[in-house]
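The chain below stands alone, shown as structure tokens; this is the form predicted on its own.
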């Protein structure tokens, strides 16, 4: 038998869609305050939001004539007809939030529009209205929610501990506090002030207020325009990325949304700079014509659909990439984070690892051209500051580049002392060159005097023959030589000294851990670059080091290898002075 459900059952079902947990209530009430043009919003949370949620604002308030509909389902001041759904500019519009909250709590609204008559208060307990009654109060609205889910105990059992739910409430407040310049936010949890964001603060200042100055110091601003889509915000530098995501916020027309495609666009923009296992932090604000985005997707209004999804993706990706290209990506260690070996009590002087003498010719032929320009030392003189009576010593030869452990390159720069991972930098150079050569159709191959045969398991054999054209474009010419064997007739020129079987297997199944490089062909190019690059332990001559640095500077960026690892570290002069106790102590 089909029958209509009782109203209280309908209300509780609807509440389950809108009010998932206390943080959902906090979000809805703050958005109502923002729609009321509030300039100050204070939030109090007790017992994880189950005992108390209180949101007070100084907005326009609710008139007495409208207050009776405040807890009514599908009653709203933000829509008039179906046409308004095409260009929604407010946060709320469905008229469900207060009705759903009132159905599963003991709620009270105290409000005034600022007249001399004062204001009114209206209570709602499990959907039953009590009031309204006149009350003395100032302009604005205060909404108090107590005993959330008291009449739906099953919902309470699926919530986290009070501390966990309080943290989620805080995240709801911080996410909305970030982008609303001109609005002051206060948060109190169990009677303790947690943070305050002043109304006049810009986005950077708001980030610092919420997450701390150290967090913001490792971020760069981003901005861009594309096809009527504006993108701005802040993005962490690759060196500050973490294994777990923290502070990943996307806003569409100031609405906080959860959209996997937008997160993917940010990661795509960071793909060339960030190891695949690490997560960037970001705050991305997207502004576009409301008619180009559908926010009426889910009762929580946290999901949206874009009419031109690909254009939004490209706009976000380009803004993130441009921001990183314009930034100084070299990690800058601080003195307090560097352990000075000489400060260790048990340290004694000894021979230690040898430093490579970089002036001697290299024992390895590198796959990049060494430029033979003469290199000029600085004309520094050690004794210039001595009194005239003391003869100045002869000019000391200055070594501009140094190789440490045949792995790291050291040189001076106006920014400070630069330490370079030679393999990582050379990987980046070769990867960029291989990409250009492939696009121009000039990727060189080396014919073998005699074909080399390689036995493969059946699946790899079939895959090698199915990829003959793609492998040939990379310079690896493969032909069938029996049911489980292939013959290699040519190899990429940059890898002519590599083991042919190992090279074939590496290109058939390139590792997945190549930063954010998703394309199979690009991953194979990176595998080639990785195999061809100088390795840790390869001694380099000074001319070779200088050539490598020049080639890196000619790229659009050389701060990270294709893995996303940094190619260099920079220790600024002021940090060196702290390390040697010349200042800052």
Partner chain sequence: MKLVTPRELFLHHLQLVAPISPVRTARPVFKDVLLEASPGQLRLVTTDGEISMTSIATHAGISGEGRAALPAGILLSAVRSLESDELTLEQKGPFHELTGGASSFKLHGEDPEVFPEIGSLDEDGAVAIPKTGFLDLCARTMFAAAKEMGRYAFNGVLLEIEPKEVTLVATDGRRLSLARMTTETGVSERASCILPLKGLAQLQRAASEGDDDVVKVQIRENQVLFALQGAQILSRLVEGEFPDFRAVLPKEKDAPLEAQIDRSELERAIRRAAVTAGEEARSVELSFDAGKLKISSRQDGLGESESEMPVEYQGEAVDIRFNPEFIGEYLKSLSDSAVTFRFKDRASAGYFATSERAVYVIMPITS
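In this text, the rigid core denotes the largest set of C-alpha atoms whose superposition between the two forms falls within 1.5 Å. Positions refer to the first chain, counted from 1. Treat the numbers as computed from the prediction; the structure is a model and nothing was measured.
As for the form predicted together with its partner chain, it is not shown, yet the points below apply to it.
In the model of the complex, its partner chain stays beyond 4.5 Å of every heavy atom belonging to residue 317. Among residues of the shown chain, residue 303 is not one whose heavy atoms approach its partner chain to within 4.5 Å in the model of the complex. Using a 4.5 angstroms limit between non-hydrogen atoms, residue 494 touches its partner chain in the model of the complex. Looking at residue 441, you'd find a heavy atom of it within 4.5 angstroms of its partner chain in the model of the complex. Contact annotation: of the candidates 450, 136, 154, 161, the single residue with a non-hydrogen atom within 4.5 angstroms of its partner chain in the model of the complex is 450.
This chain appears without its partner; in the model of the complex, the one residue of 407, 175, 121, 445 with a heavy atom within 4.5 Å of its partner chain is 445. Contact with its partner chain in the model of the complex, judged as any non-hydrogen atom within 4.5 angstroms, is confined among 307-315, 433-441, 126-134, 252-260 to 433-441. Along 124-149, not one residue places a heavy atom within 4.5 Å of its partner chain in the model of the complex.
Superposition of the core reveals a Cα shift of less than 2 Å for residue 233 between the shown form and the other one. Once the rigid core is used as the reference frame, the Cα position of residue 267 differs between the shown form and the other one by less than 2 Å. The Cα position of residue 195 differs by less than 2 Å between the shown form and the other one after fitting on the rigid core.
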